[in-house]
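The chain below stands alone and is given in structure tokens; this is the form predicted alone.
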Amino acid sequence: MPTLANMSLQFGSDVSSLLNIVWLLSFFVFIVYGQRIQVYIVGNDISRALNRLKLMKDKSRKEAVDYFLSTGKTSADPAVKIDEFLEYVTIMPVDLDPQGIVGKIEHITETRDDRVRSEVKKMLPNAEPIKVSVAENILEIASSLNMIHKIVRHYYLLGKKTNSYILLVQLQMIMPQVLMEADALINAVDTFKLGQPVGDGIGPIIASKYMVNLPKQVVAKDTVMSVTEYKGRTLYVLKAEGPMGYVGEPGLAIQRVIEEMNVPLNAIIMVDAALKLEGEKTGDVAEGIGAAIGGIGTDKFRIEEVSAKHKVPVYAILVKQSILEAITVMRKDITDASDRVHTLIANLIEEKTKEGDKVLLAGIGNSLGVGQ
């Protein structure tokens, strides 16, 4: 007759055998179907993110349609024309031979901007200039979100179609950053609709303080300049024309000041927003050397080219902020940095130039809500 101890040993042996079988079956399933399981899990994660992107894309499109309807005061539905804008593409020139590539890029981007502005004016024939600029910015946001959604969807569907775990994992790894940028874009819509200054406008705000009650002249497209005296120096101050939401053409403006207006500059000081690194504080101010300007590089090229040709030193003052803070309503931390920037400008002028010199101060950034 089996004892209790023998029964316990037998039960333990059966359980151990069962666990071994389960482990072997799991190992076999993982070997055969492991990648498919991983593709399924990663794909679900990306699918949820893709749904968020679609919601943001649809919301930005609706915001654009609503803005055109409310601003245009017309019963005509602008949705068809806006949908055309969302699919609008700019084909960059061939760069096999880099000779003259900057001029080609500049020509194409100017043609694109002029066409978009002319079409917006047709849709909003009686709107004020600031309303037209806001409409352009909202369209740009909607177009960017539409393109982000299409690219993510493309690689997601391609990864599923080819059952490529590596492709899907790579997409999954960058999705948090993609979503962060998309969130920043959708949050910027309300700021632009209200015409409020954005974080990127810190440069124009700094420049505008030197232009109060002074005559202004247009020196490039959407770019104005004033001339004043500062501590015995002649100070040329330029910024994008506000309060419209434009960034102007500071590169061409600086080039014209030096070469067409024949101003022998002794220094160029550029103030711009800069994307902060994680761990840095919003509103931190940094000094540097070189052309402080973003974009596709055409303005930066012009500034570097003309300053190097005429041996004009270029000094940069940067105000740190995140991408969200750069395109949404200006935070107090960024505004408070203006005192520090003014101090640095004064120090640069006093230390790097002498009385009688000519200095150009450029406030780089979007001038939405910032007059002059």
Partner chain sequence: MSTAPAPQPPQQQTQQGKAKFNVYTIEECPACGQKTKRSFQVGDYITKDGANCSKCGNVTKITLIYAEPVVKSK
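Just so we're clear, the structure is a prediction, and the values are computed from it rather than from any experiment. Residue numbers count along the first chain shown, from 1.
There is also a form predicted in complex with its partner chain; it is not shown, and the following applies to it.
Its partner chain in the predicted complex is not approached by residue 234, whose heavy atoms all lie more than 4.5 angstroms from it.
Residue contact with its partner chain in the predicted complex: residue 309 places no heavy atom within 4.5 Å of it.
By the criterion of a heavy atom within 4.5 Å, residue 187 is counted among the residues contacting its partner chain in the predicted complex.
In the predicted complex, its partner chain sits within 4.5 Å of a heavy atom of residue 209. A heavy atom within 4.5 Å of its partner chain in the predicted complex is found for one listed residue only; from 270, 205, 145, 168, this is 205. Interface residue among 195, 295, 288, 103, judged by heavy atoms within 4.5 Å of its partner chain in the predicted complex: 195. Stretch 329-337 is the answer when you ask which of 299-307, 314-322, 38-46, 329-337 has residues with heavy atoms within 4.5 Å of its partner chain in the predicted complex.
In the predicted complex, 369, 370, 371, 372 are the residues of 354-372 with at least one heavy atom within 4.5 Å of its partner chain, listed from first to last.
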